[in-house]
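Shown next as structure tokens: one chain only, the form predicted alone.
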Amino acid sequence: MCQVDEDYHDQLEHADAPSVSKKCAKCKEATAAVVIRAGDTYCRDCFREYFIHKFRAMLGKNRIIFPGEKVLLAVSGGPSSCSMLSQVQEGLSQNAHKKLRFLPGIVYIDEGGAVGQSVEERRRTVAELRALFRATGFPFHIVSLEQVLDLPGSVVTVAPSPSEQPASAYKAAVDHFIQNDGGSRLTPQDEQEASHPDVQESHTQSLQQLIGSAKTLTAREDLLSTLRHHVLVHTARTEGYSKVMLGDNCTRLAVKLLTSISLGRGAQLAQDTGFSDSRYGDIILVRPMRDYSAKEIAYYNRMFTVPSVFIPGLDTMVTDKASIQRLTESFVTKLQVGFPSTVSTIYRTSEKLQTVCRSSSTADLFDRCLLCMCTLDTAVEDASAFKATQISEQLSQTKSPGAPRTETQRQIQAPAESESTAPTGQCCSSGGGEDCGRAAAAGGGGGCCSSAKLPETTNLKSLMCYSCQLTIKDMTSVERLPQYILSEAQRRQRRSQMREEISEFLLDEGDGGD
């Protein structure tokens, strides 16, 4: 029998930990310099060739970017977007084996005002990025996020998209580009920079109030991402770009997929995580870095000295449970440590997901979300999860008639009941005969402020998808939203009301011309 003090050290054999090959798995000659996964070891030269080939293969396989097109690179200063910029610069160099044939430009969205950075910190960050952009020789645009307050209403409308071209059109475009000796050189007038003027302090305060109106960090991050996309699309349209490159890598997309499902964006997964996103019509968002993991990008930037700039965000130095996005990221990255195939499994699963909703490129404008511009997922059958969630929410807010109310509930509900029961044209002031001043300021029509706010909030949610409804629900006041969003909401409501009034005179889609 076994004894407690028995010595087994002489009989047991020492098992060495499995070690990876010290030779490159590709050339079999040079010493390995980096280990991507167990068994995938590369020397310095082979890893560089592997990294560059993956980027160009992603663009060549999809064939969305035609030769001679103007492509806007969205660079945030992080490792992934700076690595994307380095790959484009490498592909346009004279020594490139297979040159890229599009004309690039760079845009940086300065979000320092939204995250609470000082003016000096923002200027220092912009100066570092401007030096980085000048070294590339590409035209660049530095835009402040405060410009979202002055955007036109066309940002949340769909511009007509170019008609789909046959597969042979890409080859014909390449031949035409080569014959004309288009090359990838930029003309001197194209090598220009566009920097935003000094931002007014009032605009920065308005932006901070807009972001701060969201009560949770989850809603603030979601709202900030939506506003960032609006500024990107507007910049691309005004500067004549037809494509926008994003630096989303495989790890970020895996986190984004699980986050989107948690936030109720299951119907929009194809647009949020796919290679191309055509929700805006004439501007297509592409993600050429989606095959790279964060580990591969970090190794490449470290080995080949790709510069990047650290810029704090809303989730900088927060706990893992501060938001759904942060919690999902912590869960995926920690699981990736013990199970290295976690990110790739989630990512490969996202490629197979499809939505039963109509495509965002074919949906009507009034069937799109007012914020994210994706197809509305709220027009579903009665026997659906969305309807069940609505019924559950309504029942939870309904109080039984016989149940007693506490004093706090009476104090909270009394002002709301007095405002909601006030007839149109009657003021919400306690005296009844006084005027709050809103009616006179609005030109004497429309009544008091309280009689106009509640219907607007309800109708605004009806113009959004389920996930954006949750974001708006977490905001203390929808009046903080930019004016172009509120104006488009009013326009859609008027069009919807007009359609209802003339509905009996409209022909159904199935009716013929007899």
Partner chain sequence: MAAPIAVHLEFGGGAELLFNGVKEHHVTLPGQSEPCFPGDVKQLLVWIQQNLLKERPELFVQGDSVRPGILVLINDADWELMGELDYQLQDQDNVVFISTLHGG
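Numbering follows the first chain given and starts at 1. Everything numeric in this text was worked out from a predicted model, so none of it was measured.
What comes next is about the form predicted together with its partner chain, which does not appear here.
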is_contact(A33, its partner chain) in the model of the complex, heavy atom dist at most 4.5 Å: yes
Non-hydrogen atom contact K334 with its partner chain in the model of the complex at 4.5 angstroms: yes
Contact test in the model of the complex: E329 vs its partner chain, heavy atoms, 4.5 Å: yes
In the model of the complex, A159 touching its partner chain (heavy atom, 4.5 Å): no
A172, M303, V119, I142 - the one with a heavy atom within 4.5 Å of its partner chain in the model of the complex: M303
Position in contact with its partner chain when the complex is considered in the model of the complex, options S202, T316, Q179, T238, heavy atoms within 4.5 Å: T316
Contact test, all of S213, V478 and R491, partner its partner chain in the model of the complex, heavy atom 4.5 Å: no
Stretch from 277-285, 143-151, 294-302, 204-212 whose residues place a heavy atom within 4.5 Å of its partner chain in the model of the complex: 294-302
